[in-house]
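Before any questions on how it binds or moves, here is one chain, the form predicted on its own, in structure tokens.
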Amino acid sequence: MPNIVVHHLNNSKSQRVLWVLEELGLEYEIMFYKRNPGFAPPEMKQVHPLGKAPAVVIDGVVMAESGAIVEYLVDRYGSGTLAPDRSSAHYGHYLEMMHYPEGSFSMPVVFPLFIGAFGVQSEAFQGYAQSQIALQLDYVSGLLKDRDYLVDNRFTAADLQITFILQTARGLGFLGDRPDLLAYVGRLEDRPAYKRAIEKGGPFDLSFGR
């Protein structure tokens, strides 16, 4: 059994790491941090030079980047439970879906936060942001058409990986007219491992004061 310490920031992507650890049934320790006020506190730089959350220490090795951490844990300890076999026709799609949330999906969803934080008044940029959000949400809806999960219609780490971005979109009010995506997020949040991760990680709210 590996020795795992999760440096966990409230309302952050480190919730993904707690969730995957619960899905895998691995033991771990949590070190808690609070946002200061909206960002990771400076003491997180004592764990990783970028001061990012999550950061984990696995058998003495420090890792950041939630997607990399999730992929590493699934590859090393998942025994095929949260990913298709590498020889499967679905494996390429799985890898794409593992990287899509942070590669293409994340930035458009958080554009409105930057617009608000920096007082951007450009109508052209706001219009671009809205069109990109719609593009990404339409894409995810298409991926889920006639299926419950992203890859091979079974729960994998790719579903776990995309949940945070969809929860952010829901918190910002972008899923109000998308019952398919709301139902998908609801299925994921109903998983016992997800609920255990929330209980251990503490209050989790991506409504951004709305």
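In this text, residue numbers run from 1 along the sequence as written. In this text, all values refer to a predicted model and were calculated from it rather than measured experimentally.
FYI, the form predicted in complex with a small molecule isn't displayed, but the following is about it.
Screening Val70, Ile162, Val56, Ala40 for any heavy atom within 4.5 Å of the small molecule in the model of the complex leaves a single hit, Ala40. Considering the small molecule in the model of the complex, the lone stretch of 177 to 185, 47 to 55, 147 to 155, 25 to 33 in range is 47 to 55 [heavy atom distance within 4.5 Å]. The small molecule in the model of the complex comes within 4.5 Å of a heavy atom belonging to Leu9.
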